[in-house]
Structures are given as structure tokens and as C-alpha cells.
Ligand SMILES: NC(=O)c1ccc[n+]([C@@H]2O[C@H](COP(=O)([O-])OP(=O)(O)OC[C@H]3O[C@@H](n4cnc5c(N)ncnc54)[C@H](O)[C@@H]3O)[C@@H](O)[C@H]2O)c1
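Okay, so here's just one chain, in C-alpha cells, the form predicted on its own.
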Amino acid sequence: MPHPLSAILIGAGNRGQDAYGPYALQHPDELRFVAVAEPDEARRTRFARAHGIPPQGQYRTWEDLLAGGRTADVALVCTLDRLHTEPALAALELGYDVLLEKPMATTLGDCVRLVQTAERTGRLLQICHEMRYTSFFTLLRGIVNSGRLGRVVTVEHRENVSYWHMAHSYVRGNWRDSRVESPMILAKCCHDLDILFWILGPCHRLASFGSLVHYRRENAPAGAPERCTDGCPAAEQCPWYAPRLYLDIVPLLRMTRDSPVLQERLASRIILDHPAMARVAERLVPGFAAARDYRGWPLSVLSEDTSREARLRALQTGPYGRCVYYCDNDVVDHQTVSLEVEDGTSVVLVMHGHSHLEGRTMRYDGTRATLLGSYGALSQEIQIHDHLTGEVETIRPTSGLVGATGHGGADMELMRGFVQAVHDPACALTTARESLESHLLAFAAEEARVTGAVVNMADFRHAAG
């Protein structure tokens, strides 16, 4: 058995700490963290304590961590998008194999620099395209490639971002301003563009349309204050009222109301539909209060202390308590991308932030059958409608759903794949060059949206280098 890989973590936020860090705790025979760089002392200390990293392995900046040269086998770079490039480049130059959170960078030039540096240094640069590691999309790709649908003629793929996730990440949160972070089509849909490229092949040309229509100052209710906690008269009618999301966690309870886990399903329904009964159950039924005491994402983003009192303080003073109509956001809340694949297949990608339910839905129409798919946190389904027989086959991938965390277990599978690829690069499901393609498509789509042009991807790739 290969020796455990030693690793350093640059950025101990939500993704580094909660999505990828647990793999080392569950598989210490495969991976162990020996150093961490994180400017937030509480996050740095929490990660170091969990992984047994001594004080000399704890750094405030990535520059300090890397100043001593290469001290481990691999580096995980999980900073904010705009801070990806420099530490990833420096780690590659030092000889690290690198796992880099998506998107790889916020500018096309930096994306190309990263790929070129990985190729020049001969190091593995793997981007966190965890959708490739899901049983759902692996099965979908296998069906398409098997010819069961016949020749695929047209594809519709939807990235349905829930109304509350849109508000959390793209109106109030870190990805609200495309001048600072990635445009939404890159931040949210580089996964989707990667999956489409993985299944259908390269794109020939594309066009795109979209804008910000709702989360704007002129749409604010009469009398609404700048902050939800300042006595908003529209609180009862506003789906984005921050205390409802972050204190009462109503959207999260609605999700678990349909959970495949019986206890979660029953507890959520009681809390939502019978609040008086829920208060009694919290006192009398062991473990019932845990349903309301959820502390993970998105609550963990507000502050290190996720108690109800600390969350309320964060809403009163921080960005997540702001009225969604009075934020400094500029990213779109809907966008479509029309693509023509090199073999002539037409594809429409729809991204929007107004869905009742988070998840991806898709339709593949072929000459012999139509495939309908839905991929969500709590349920996944593929239907194949045969044109000749009229028969319908329904497939429900179940691996990674019940009890899984992090994209239905895909985060853990991505980590497993990264460890395997470090030992044997031939095992990698993707390369840096292949991951670049989804980023090229995203930047081309944004250019097409802004300029109204139809982008020829061969020319766009050539210009990018």
C-alpha cells in the first residue's frame, strides 16, 4: 500500500475545513495534513486542532507557509476565488501536486497561467470538479456514450439555484460582485459546463443572454430598511427575510422535510407545521432538538460561533443581515447560454436564482430515446423514454445520498480520486487542460452576454493561449 500523502492546506474556510479536510480524518492511512495557512485565527486553530498540526505548522499567510520550501507531498488551495492564483502557482513551482478549488481563477489569463505552469513543471493540478465523481453523472455519461439514446440531437441543462442560496451567495455573500470575484456563470456553472464538455465534447460556438432583474434597489418594498433586523414592515411577506433563513432555518427544514431519513423527515415536518408540538418535543424527546440545532453551511459562514445568539449578532452587523434589495451586488440572477457542439448537437444551459428547490435538471433528446434527469441533494432520477417501444425505464442512483455530505458524497470521492491520481496520474478523471475548457466556455459566455456577440470557440481558445 502506498504511504500516506502529507498535505498542506491553504485556506481553512468552508471548503477546505468542511469539504476536504474530513477525508484525512477518515482515511489517515491515505492523507494527513502537516501544515495550514489561514488568516482567520479561529479557523486556523480549529483546523490545526482537528488534524493534530503543531504550532510550527500553523501560518497566517500562504507566503509564510511556502517560504520554507516544499514540506509535504500535496497542497490544497481553498482560498477565496480571487486569491487562488498566486499560492497555486507558487506551490506548483515548489514541486507540489495541487488540488485547487473551482473556479481555478477569476480571470482568463490567470487560468491559462495555472495550466501552463502545471504542464511546464510536470506537476498534477486538479480542479475540484466533483460532479465528475458522482454516480449520477457517471451513469448519465455512460448512457449517452453507449448509444442508447441514438444520436443526441439537442440538450437542455438547467442549474436551478434556490432563491435563498442566490441571496446567500450571490446577493449578500462573497460572489455578489463580479468586479471582485468570479461572474456567476463561472462561479456556479463551471461544474455544469465541465459536465457538458465531458459528455458531449468541445463546443464550436456560443451565445448568451442574461441580466440582474430582481435584486435591485427599485424593487424594495415600501419602508424596507437597509437591514432585515431593523424592523422591516415586509418581513412576513419576504422570502429572503434573513432571520427566517439564518435563525429559524426554514428553507433548510423544508429541504429535510423530504429527507430519505425518517427521523429528519418527521422532525422537520413537526417543526414547520406544528411549532407548539415541536417545543414540547424538544423538551421530552431525546435528540429532537438537534433538528433545529443545525450548525453547518450556510450558517457556518456567518461566524465561527454558530449559536443562535452569535448568528443574530452577525445579522445585525454583517453582510448576511442586509436587505436583498440594498446590497452592493451586480451579478446576474438569470442567464442562458446557447452552445453548438462540434458535432452539431445544440445545447441550452439555463442558470437562474429563483428556484423553489436547489438542483440540476436536464433533457437529452436523441434519435432513439429521450432522457430526463434530475439531480438534487435528496433525490436523483434518470428516466429513459424509448421511441420505438414506448417503454420508460427509471433509474434512481442511491450511492452517496443517505447520510452523505458535500455534494451527495462527491467531495469525498473527489478527494479519493485526487489521492489516487497523485500516486498514478493515469487514474485522474480530468486534467488541468480539460478543466480549463469549462472556464474558457464561462468566460466566452460572459463576453457574449455583455457584447451580444456569437463567440467562435476556436478563435477564443487561440486568443487565450
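We number the residues from 1 along the sequence you see. Owing to the predicted nature of the structure, the values given are computational and were not obtained by experimental measurement.
Separately, the form predicted in complex with the ligand exists; it is not shown, and the next lines address it.
Engineer: Three residues, 145, 155 and 204; all within 4.5 Å of the ligand in the predicted bound form via heavy atoms?
Structural biologist: The answer is no: none of the three residues contacts the partner (heavy atom, 4.5 Å cut-off).
Engineer: Which of 256, 229, 126, 79 has a heavy atom within 4.5 Å of the ligand in the predicted bound form?
Structural biologist: Partner contact (heavy atom, 4.5 Å) among the options: 79.
Engineer: Which of 375, 198, 240, 175 has a heavy atom within 4.5 Å of the ligand in the predicted bound form?
Structural biologist: So the residue touching the ligand in the predicted bound form, by this definition, is 175.
Engineer: Quick one: find which of 24 to 32, 427 to 435, 47 to 55, 61 to 69 has residues within 4.5 Å of the ligand in the predicted bound form by heavy atom distance.
Structural biologist: Within 4.5 Å of the partner lies stretch 61 to 69.
Engineer: Residue 130 versus the ligand, in the predicted bound form: is there a non-hydrogen atom within 4.5 Å?
Structural biologist: So residue 130 counts as contacting the ligand.
Engineer: When the contact criterion is heavy atoms within 4.5 Å, does residue 14 count as touching the ligand in the predicted bound form?
Structural biologist: Residue 14: yes, in contact with the ligand in the predicted bound form.
Engineer: Might residue 83 be said to contact the ligand in the predicted bound form, defining contact as any heavy atom within 4.5 Å?
Structural biologist: Residue 83 belongs to the contact set for the ligand.
Engineer: Is residue 322 part of the interface with the ligand in the predicted bound form - any heavy atom within 4.5 Å?
Structural biologist: Contact with the ligand, no.
Engineer: If you apply a 4.5 angstroms heavy atom cut-off, which residues in 182 to 199 are near the ligand in the predicted bound form?
Structural biologist: If the 4.5 Å heavy-atom criterion is applied to the ligand in the predicted bound form, 182 to 199 yields only 191.
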